[in-house]
Every structure is written in C-alpha cells, then in structure tokens.
Ligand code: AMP
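Listed next as structure tokens is one chain, alone, in the form predicted on its own.
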Amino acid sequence: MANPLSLCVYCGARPGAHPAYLQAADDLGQAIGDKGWRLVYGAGDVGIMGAVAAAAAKAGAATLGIIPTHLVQREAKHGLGADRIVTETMHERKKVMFMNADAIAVLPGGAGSLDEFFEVLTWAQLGLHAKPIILVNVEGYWSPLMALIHNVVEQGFADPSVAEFITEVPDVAGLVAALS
C-alpha cells in the first residue's frame, strides 16, 4: 500500500480577524483526516495552526509537528507529544517540514507564513522541487499577494512562469480537488 499524502500546512499562529479563517482551518483538518492524509505543520497549538492540528487529530489523521526550541513555550502551550520534533532553529524547522511533505498548502497567516511560502516558491522557481504549492485564498486574503507576484512579473523581476508554481484555490474544497 502506498504511503498517504503528507500535506505541509503553513498558516498563522493567531486566529486572524475573520471567522472564516478558523473555519477553513477546521475544514482542512477534517479533510486531511477524511482523505487519510498526514498533516505536517509547525507543531503549535495556537491560532489557525492549532485549529488545523486539532481538527486533523479529531478526524483521525496522522500528524507531524516541527517546532524550534524558542517557540515551545509560546506556541506549544499544551506540551509536546510523540508526534513532534523539536529543532534548534527556524531554518531547521522549515527544512524538516519541507522534507516530510509531498505538497504545500498555505492558509492565511503572517510574516512567518509568507517566509515559508516564498522559500518554497523560490525553490520551485530554481528547479529544486516540483511539489504542489497551493494557496488557499480564504475570503480573498491572499489576493494582494497574488497581485504583488503579478506585479513582480510585469516589472521584469521574475519570469511569468513563477505564477505557474502556485495553484490558487478559494477554499478547502478547491485544495482537496487540486490534490486528488
């Protein structure tokens, strides 16, 4: 039997201002369980990140959380389980998350989520991987980001193909369809 898809989810350690963000996190966690996939995530139990993990675990999904030492007290308030790896640095965290994933999903988030997104996008652009990168544009949250990427291309700082590495979907159903 083939291994289940391992989906790395980048998202906020805060809940965000719109209830739809937490709803999308719950929906994604449920979908991961329903599809028999494994969640790879930042190991925090706060914000959208915690909501995805809680919903995935409740739906019976395997999870793998990766967290750097300096964030354990801030983001893993309920302790660390056997399904978590503690790294020394953020760079190591991102590497371990990426290495354990077959695909990347990006829910709403802040600077950390943007950092993770741009790193995997850059690696794809450089030909270092061909893993799907799916931007879940809940309530249009990522529309300004997509406008920026198109502007970067229009201004001659990236090849038009850079946008082709991103699959933009409006919701979790779109993400599931893109990976099925």
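Note that residue numbering begins at 1 and tracks the sequence as displayed. Keep in mind it's a predicted model, so treat the numbers as computed, not measured.
A second form of this protein, the form predicted in complex with the named molecule, is not displayed here; the remarks below concern that form.
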Position in contact with the named molecule when the complex is considered in the predicted complex, options V86, V96, A103, M90, heavy atoms within 4.5 Å: M90
Contact residue in the predicted complex, chosen from A20, V169, I166, A13 - any heavy atom within 4.5 Å of the named molecule: A13
L71, G109 and E116 each touching the named molecule in the predicted complex (heavy atom, 4.5 Å): yes
Heavy atom of M49 within 4.5 Å of the named molecule in the predicted complex: yes
